[in-house]
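One chain comes next, on its own, written as structure tokens: the form predicted alone.
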């Protein structure tokens, strides 16, 4: 049976209709700050019209191939519609459609790479749209789509498993509509909690710069492990108390939402029982200790507290693929920069808002490698890979290894494109800076090193490089496989 692309396109239309709501909310924010809401209202109307037009295609059951197609098209369609406000309300860099699409794709994929080089040139409404777009990309689009599909009685579970590459989230509740509500409530609740806590720091004069706009903006992009900030200094614009609080919530955002839900039910043993969580927490602690030790040896900061705070913040920010910064870590020693570069390839837990390779896959690879060493010494032994006491089937082990290899191949290809294209255009991009820019965009981290550092931008990268980055931000966010599947002739034939 051929793939029913009309069902996928129709469901993308339903998501675009829903996108009109956050665009309307952004128009309200613009009104509050006495700015013209027209760009956002026009975008909302365009999203509605496109949604209605696409929804006219007939819908059938959502089988795996239709789910793959829908996931890929949804992120693409939202990025395209999301770029309209940048074109209509933006100035300077946003007169370029490619820059507008870059910012929008970076937003919805929760990458956090920006082309903005002057934050004061843009309206509060447009800056809020960047933040909201990332919040939608974190979990909002998934919850919206699953909620819609549940109402339409089509495969919400398939969509969720395809999008998150895990079955964990589908086990939260027997019905997908209830799963969507649970996830949505948890995501919204944690976002509101962080916004209130940040605002309290402002009211108590502990973090004077954390006004209501900044509190809401950073709450949106922290839970999404996304990293856009309306401040040119990112989280470095705020007091240490706000930095510690944001560090905690970045860690939470990269934690499997099944565990977070269990905690809300008082089941704290879920933390101990999850082998992946222990691995994730151990990685954060170990890498933070290493980075902090190097910073202390380098004498980067005066005193233990700022050394630990900045080391911890940057490790959590990069490892969870958030991408905030408290200082310009581009100026740190090569040793720390290489530690942070390796963190880009980690990511948080499966079933969270994070991107990159994710700790689940690294844990499977580590255990698989340990098994290979054991069977070299004991050839007659049969030793399956186990995770949390359960046997990981060999197909999953194989797929995990292939995924990591594919990620490395794509990362290398993008690095070559950036190096060749930059050299051709006369832009001086060092090899390490090109590698970090490639990893940072493809793995959805955000800041890199060099010109694209935490206080820099991607605006000066040449057209071919930026176009490749836009495509690979999209590919990285939907975890490669759905795109590769779409490119196979067999997918379309039968």
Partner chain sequence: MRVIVVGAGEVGSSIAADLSSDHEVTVVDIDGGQVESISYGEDVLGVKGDGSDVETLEEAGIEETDMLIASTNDDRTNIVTCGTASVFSDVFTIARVKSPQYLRTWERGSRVFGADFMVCTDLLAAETITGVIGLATAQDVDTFADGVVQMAEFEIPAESPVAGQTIEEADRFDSLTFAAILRDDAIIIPRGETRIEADDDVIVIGSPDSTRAFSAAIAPERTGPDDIVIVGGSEVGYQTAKLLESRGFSPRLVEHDPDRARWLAEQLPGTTVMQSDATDREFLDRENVGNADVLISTLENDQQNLLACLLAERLGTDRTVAVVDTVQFADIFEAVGVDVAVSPRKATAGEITRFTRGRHAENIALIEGNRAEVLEFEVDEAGDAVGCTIRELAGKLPDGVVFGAITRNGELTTPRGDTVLEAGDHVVVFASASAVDAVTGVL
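Not measured: the values here are computed from a predicted model. Numbering follows the first chain given and starts at 1.
Beyond what is shown, the protein has a form predicted together with its partner chain; the following relates to that form.
Using a 4.5 angstroms heavy atom cutoff to its partner chain in the predicted bound form, none of 432, 450 and 460 count as contacting. Screening 298 to 306, 389 to 397, 211 to 219, 248 to 256 for residues having heavy atoms within 4.5 Å of its partner chain in the predicted bound form returns a single hit, 389 to 397. A residue is said to contact a partner when one of its heavy atoms sits within 4.5 Å of a partner heavy atom; residue 381 meets this definition for its partner chain in the predicted bound form.
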